[in-house]
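In structure tokens, one chain follows: the form predicted alone.
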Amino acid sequence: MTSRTAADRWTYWQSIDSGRLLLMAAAGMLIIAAFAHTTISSTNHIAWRPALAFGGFIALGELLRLALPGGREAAPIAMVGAMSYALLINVAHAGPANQEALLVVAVAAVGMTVGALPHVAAGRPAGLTGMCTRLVAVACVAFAFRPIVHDIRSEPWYVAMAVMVVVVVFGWLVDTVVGALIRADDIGSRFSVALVDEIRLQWLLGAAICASVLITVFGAEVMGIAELAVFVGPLLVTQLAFRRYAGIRATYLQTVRSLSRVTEVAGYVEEGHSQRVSRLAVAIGRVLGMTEPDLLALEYAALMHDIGQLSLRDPIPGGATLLAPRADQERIAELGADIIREAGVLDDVAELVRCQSWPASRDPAPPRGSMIIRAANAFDDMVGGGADRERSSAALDRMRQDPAEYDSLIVRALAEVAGRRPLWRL
């Protein structure tokens, strides 16, 4: 049992990409330097009350992590606590905040670790990548602000606030860029597209964090450490709103996935066909540089692309619409779009399903998402759930020889996706 566990651990570390290892190495060096400096220097000059209070605040925020769409993870309350501690100027009843940047890193690291322990104890992932990303962002803020804090004290409050806004935005950008780099490597998308998606998704949360940091820093000058207990309530309400948004989106996807299985349960298509077409379509969309909102609509449409087959009296053999006459293909697409449109909130998805039977040479041209679904569906109809390279090559050759039906750029992206990994992993 011991050797098996060790082998599993080694396999885990082998599976970590170089980007994550570099991020963890950077965070590890920061932590080592922070604790070494804090241990060597005299601890008598450390203001323990702010350090413990903000460390506990960071731990609470790490405990209450937020799951964002797309499998992302965020800890906005922890970021507010860590950045506020990095930007402290004065604390009521305690005097000037003179902590060094490395002390900020040490307090943030301890707080994040303590907050992650309950997740580990409950069998959930520790979230090491996310914590390392947040720690690097906080370190950038601390190293940018702590050396000038003495000069800031002599300036008017609005100058201090302007400097803080710039530094917090800088820290948010570091967090966003690192997150985009990791995500681009995880899902195989272009970095520029991943960065735009991260900014689009994170900027509202970043704005809330920035405002909360400013309120916390200036509130500490008036109320002292006690303001953390007062301010945690509004932060929790804000986080609850983001959590509900993420929950609604997850519920939509679960509902669509359940609905897509109706055709499989009824025997109209092969088992797993909708899931395979969806994964293949999303992978093609990423190669083509589609943004995350477009990919989400594409995923929904690909999952439900065959739902119109429920209107057929006699199922198509094997559910392969590729073998059906063009008139039947268009009728299936129209009926499927009508069913989806009844939901009232997925009109863009319904349009992709409606146009999936259109050939690439049609004028006007079908939406790119519809052409992707058409190509992915035809490929799966010809290849199925297996990973036979010969069948895959034959299917791609057949699609290349019919440019009127299948867009050549999409077929090229399909060939890249189908050739770089087994189909079951798409």
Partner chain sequence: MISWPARLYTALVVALTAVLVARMPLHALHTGRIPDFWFELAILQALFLVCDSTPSSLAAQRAKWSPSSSATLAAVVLLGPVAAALVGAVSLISIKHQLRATERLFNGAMGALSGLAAGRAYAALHGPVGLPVFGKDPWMIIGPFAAAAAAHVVINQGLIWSFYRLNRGGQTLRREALESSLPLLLVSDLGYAALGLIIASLWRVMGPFSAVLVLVPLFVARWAMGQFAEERRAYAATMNALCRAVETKDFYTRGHGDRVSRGAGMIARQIGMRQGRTEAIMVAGMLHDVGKLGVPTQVLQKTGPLLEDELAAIQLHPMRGLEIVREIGFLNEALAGIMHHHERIDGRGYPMGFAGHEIPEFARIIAVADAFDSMTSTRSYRQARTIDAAVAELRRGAGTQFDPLLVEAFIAALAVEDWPLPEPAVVPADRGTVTAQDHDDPTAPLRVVEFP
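Numbering follows the first chain given and starts at 1. Just so you know, these numbers come straight off a predicted model, no measurement behind them.
This protein has a second form, the form predicted in complex with its partner chain, left out of what is shown; the following refers to that one.
S.K.: Hey, of 179 to 187, 140 to 148, 81 to 89, 227 to 235, which bit sits against its partner chain in the model of the complex at 4.5 Å between non-hydrogen atoms?
M.R.: That would be stretch 227 to 235.
S.K.: Here the chain is shown alone; which of M223, V169, V196, V136 has a heavy atom within 4.5 Å of its partner chain in the model of the complex?
M.R.: Exactly one residue meets the criterion: M223.
S.K.: T255, S192, N98, S154: which sits within 4.5 Å of its partner chain in the model of the complex by any heavy atom?
M.R.: Comparing distances to its partner chain in the model of the complex, the residue within 4.5 Å is T255.
S.K.: Is R261 close enough to touch its partner chain in the model of the complex, meaning at least one heavy atom pair within 4.5 Å?
M.R.: Close contact exists here: in the model of the complex, R261 approaches its partner chain to within 4.5 Å, heavy atoms only.
S.K.: In the model of the complex, does H93 come within 4.5 Å of its partner chain, counting heavy atoms only?
M.R.: Output for H93 is yes: heavy atoms within 4.5 Å of its partner chain.
S.K.: Does D347 reach its partner chain in the model of the complex if we count a contact as any heavy atom within 4.5 Å?
M.R.: Contact check for D347: no, nothing within 4.5 Å of its partner chain in the model of the complex.
S.K.: Check whether S311 has any heavy atom within 4.5 Å of a heavy atom of its partner chain in the model of the complex, and answer yes or no.
M.R.: S311: contacts its partner chain in the model of the complex.
S.K.: For 233 to 248: residues with a non-hydrogen atom within 4.5 angstroms of its partner chain in the model of the complex?
M.R.: Contacting residues: G233, P234, V237, T238, L240, A241, F242, R244, Y245, I248.
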